[in-house]
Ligand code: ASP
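Next comes just one chain, in structure tokens: the form predicted alone.
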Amino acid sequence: MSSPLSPASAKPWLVAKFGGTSVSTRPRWETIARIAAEHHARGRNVLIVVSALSGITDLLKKIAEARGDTARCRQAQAAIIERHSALLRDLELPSRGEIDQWLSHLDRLIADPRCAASALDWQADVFSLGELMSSTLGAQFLRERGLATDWLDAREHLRAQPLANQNEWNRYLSAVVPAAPEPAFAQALAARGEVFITQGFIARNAEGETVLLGRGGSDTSAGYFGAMLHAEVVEIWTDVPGMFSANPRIVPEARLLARLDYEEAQEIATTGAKVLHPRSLGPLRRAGVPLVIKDTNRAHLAGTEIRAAAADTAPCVKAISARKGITLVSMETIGMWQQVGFLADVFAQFKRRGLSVDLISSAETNVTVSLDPTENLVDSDVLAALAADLAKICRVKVIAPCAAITLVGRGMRSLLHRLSGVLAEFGALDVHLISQSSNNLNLTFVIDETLVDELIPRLHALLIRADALRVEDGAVFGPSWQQLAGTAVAPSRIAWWQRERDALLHLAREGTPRYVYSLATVREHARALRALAAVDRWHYSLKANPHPAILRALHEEGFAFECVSMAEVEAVRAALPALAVENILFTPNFAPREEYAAALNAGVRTTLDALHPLLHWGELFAGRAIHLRVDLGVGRGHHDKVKTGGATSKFGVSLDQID
């Protein structure tokens, strides 16, 4: 019979991960101490997972790649010692004995004979020192701040198991831990203490050797520990407020994603968002543990919450992301058509070279696949060897560097009708591959890498305009990056009603409701349009706003007018008695005969957009000059109901009816 849980073990666990920039200065460690203390005060056991100090992994990489070049190793070693010594002084820690043990271990590794060959097990030992040193300093500092903190060696608890198709590089430098809830581990840890600090990125294999968890391994470690402890929540503390609808550094208008489900977050992370590693989500999803991404500098912000999907989630694009450095391998042969086992032979070559295939596109005589550098050791030697293997069974073409642009969201196939504007943007580009995921969560386009940064902002704006990325949904989308960062907005982008705030408030005090228009803004926009030399004549649509002052202002700016009813024709003529009739365009739709007759008698330019008036009232138009509106078979618009062309449109004479 099991014994009752102690009060400590009955407390919920919280796992908080802090990245490299979050552990590199004293102010950041002060923040970590405050966050951990607040969670502990709320009755939680706390496990802190830390990365190496920013820049340290790069210095360790120089040692790992030096291949016995002692001078290069010692130069990087000196920089590592100085970085940690400087932080030790900044943290005002009384002793450096604990950190010196790891620095001494680094010295022994540099002298190790395995250094000359850059052996993979040796590399894993070298890289692990970054997290071992940062967590050691962190434990000392937290204790000095009065928070009883135990140092935990992550390698004693995270045990990697090799996958069936893993090569040696993956087993040592991108290992996988089969993490699942372990009540005995949670209870044993709670019996030792209530606040712990441990390392991200590292684990042990079955032989007891140190292995790494790949790029973004600290996120992955937090996910593993969160699942094993069946934590109340896992917090990923970083230098941005969460995930966004696009990369905010190239799309300032990108919106914070307030809530995502596990699958959507994993797709966004997998397809380019660097704020979270996708491996961290799998164990949390299986254990049902929510994850929150938070900003270390602005802890008060809610961030991005990731948990199970709501049952009634409506189809919507949540994000547009991009991955650079993609390599495409195109394989072509007539012999693959209906040939049993051809694909097995092809993919066996990728397995032989330890390469994981990401996207796949196939035709009768061609298969094209992509290789993602974040999951593969893709270099010129590996690609050359692969191409030589494949050349024995097909013609091979390597296309690089490419970028994959991905739209992520639930129910992607049901959104295709909204994406005409987005698809049109790709029409003028050389698209190498298109892939729509079988889980209906993404749509991916692979193009040349040089095009991606310029294209993403346009596509983000088009998705909003098409109502595919529904930023007005407050349950999903938060503020823009621009708003959160407090970025100054150019004066030309400040709305007129913001500039005229005081005057508007004064008018409001005199009585509401009230409509207020800015004629200066009307003129400004009219002049911007008139500056486009490609357009011969501009018409203002009266149905937008028939206010006489607006009509007079636009007339002075050289605009003609478009009317959809005789009432609008009369309104513009009343506002502008001297307006020439040729500056009025009458474009009715399903209008009665009387309106056509009145317009023709008034001499205004008249448009026909259907056969009915000609077939039934032909004598009315005899000898008259008319304009014919033609439906070219395609249409655009943010919604099906407002598209003005195509099979479902009510506007225009179709091409097959012109004769």
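Given the structure is predicted, the values throughout are model-derived calculations rather than measurements. Numbers for residues come from their place in the sequence shown, where the first is 1.
The protein also exists as the form predicted in complex with the named molecule; that form is not presented, and the subsequent description refers to it.
Per the 4.5 Å heavy atom criterion, the named molecule in the model of the complex is contacted by stretch 215 to 223, the sole one of 400 to 408, 467 to 475, 441 to 449, 215 to 223. The named molecule in the model of the complex comes within 4.5 Å of a heavy atom belonging to Ala52. With a 4.5 Å cutoff on heavy atoms, Thr31 does not count as touching the named molecule in the model of the complex; it lies far away. Using a 4.5 Å cutoff between non-hydrogen atoms, Glu131 counts as a contact of the named molecule in the model of the complex. Residue contact with the named molecule in the model of the complex: Thr607 places no heavy atom within 4.5 Å of it.
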